[in-house]
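Below sits a lone chain in structure tokens, taken as the form predicted alone.
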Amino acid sequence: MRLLPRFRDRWLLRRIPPASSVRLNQRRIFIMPTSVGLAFMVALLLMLLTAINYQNSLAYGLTFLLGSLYLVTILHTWRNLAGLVLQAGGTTAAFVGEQALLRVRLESRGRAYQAVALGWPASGLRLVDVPAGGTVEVELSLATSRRGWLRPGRVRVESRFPLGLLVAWSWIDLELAALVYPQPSIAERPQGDSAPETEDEGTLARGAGVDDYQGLRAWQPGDPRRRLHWKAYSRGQGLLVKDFASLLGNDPMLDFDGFEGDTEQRLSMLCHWVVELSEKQQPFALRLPAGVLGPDSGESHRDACLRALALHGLDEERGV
């Protein structure tokens, strides 16, 4: 059963090779009757048999008229895709578990195109109209389940215009790819083995420059119990936790080797802190086995760190 999809993929690769821009022509458009079209053909056959049996000229005329309509519909359905240009647009990165967004531009270099559907059958097709000489950008979404590059492969474009009796379609590979970051996991910052903590009223002594006390904040699910400020709780101030930032000189250092767990758990924890520190606009550095990024701040540094986390240890680390 697997031989048929593999044969189809090889055949499509030769007939419609991958490209960032594809114009649909007679070699790239396929057409077949829909279920409604098949029922229509069966009805025509029954009408023809009835006309032959009763030698009824009116039945002959109606059968041939509807048959001619079916033949004309074939041409119009095919023309509603012929000449349409599809181009790869931008993509929006996502975290694991979110929807990755991939954009495709549909361009008309002549007539208008109506009721053109685009997407993947598993996630649903988007229906759009393309004005004559105009461009429409379609935003497609796909669920993500693992980090790295999400390459959905061929996208389906189809049309059932004008009567829905036939469907003209094509499978095109626009080389779409979206980057998927690890899923952020709330976890405490790593503590150095040689950094024993000694508590005081609102202060925390630290060793080896590992963690810097930032203040108190409201308790959130997932915060470690050992960072609860019990003195504040005993004074009726509610559950508060001590907030820390790891230091490299004066800037936090997020060290892959400083977290516990397997590779994916560590990357998820690092991802959480990259987002957290970036939202605070605080400079930080990220240390992975492949090297160190920063210290720095800003959106470009955040994106570079998230990209490094997404591609860590993958064969596709060099990107696309």
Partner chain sequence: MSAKPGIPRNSLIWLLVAQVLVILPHLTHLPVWIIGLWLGCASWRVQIFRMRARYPRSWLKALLMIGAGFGVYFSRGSLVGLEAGVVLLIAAFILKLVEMSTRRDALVLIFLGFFAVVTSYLFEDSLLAGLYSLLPVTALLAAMIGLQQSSLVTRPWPTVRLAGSLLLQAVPLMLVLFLFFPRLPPLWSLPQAADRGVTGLADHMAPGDIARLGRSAELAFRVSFEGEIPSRDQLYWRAVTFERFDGRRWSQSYASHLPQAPEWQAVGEPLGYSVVMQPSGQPWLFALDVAQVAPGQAQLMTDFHLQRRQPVNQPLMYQVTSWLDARREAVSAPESLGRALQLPERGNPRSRAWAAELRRTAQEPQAMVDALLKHFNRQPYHYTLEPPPVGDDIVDDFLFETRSGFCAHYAGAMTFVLRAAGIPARVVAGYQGGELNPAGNYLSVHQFDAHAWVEYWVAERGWVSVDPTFQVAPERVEQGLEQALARERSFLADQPMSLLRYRDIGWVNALRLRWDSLNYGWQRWVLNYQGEQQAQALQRWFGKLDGQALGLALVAVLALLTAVLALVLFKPWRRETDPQQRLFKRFEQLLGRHGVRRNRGEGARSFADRAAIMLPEQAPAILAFVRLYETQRYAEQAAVADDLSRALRQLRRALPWRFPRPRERS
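Residue numbers count along the first chain shown, from 1. Predicted model only: the values in this text are computed from it and were never measured.
Keep in mind that the form predicted together with the partner chain is not shown, yet the notes after this line are about it.
Not displayed here, the partner chain is approached by residue 114 to within 4.5 Å at the level of heavy atoms in the predicted complex.
Although the partner is absent from this view, residue 46 contacts the partner chain in the predicted complex, with a non-hydrogen atom inside 4.5 angstroms. Interface residue remark: residue 137 is not counted as part of the site for the partner chain in the predicted complex, having no heavy atom within 4.5 Å. At the 4.5 Å threshold, heavy atoms of residue 167 stay clear of the partner chain in the predicted complex, well away from it.
127 is the sole member of 216, 127, 142, 232 with a non-hydrogen atom lying within 4.5 angstroms of the partner chain in the predicted complex. Interface residue among 186, 239, 75, 132 relative to the partner chain in the predicted complex, by the heavy atom within 4.5 Å criterion: 75.
Proximity to the partner chain in the predicted complex, taken as heavy atoms within 4.5 Å, picks out 52-60 from the listed stretches 274-282, 52-60, 260-268, 287-295. Each of 69, 82 and 161 places at least one heavy atom within 4.5 Å of the partner chain in the predicted complex.
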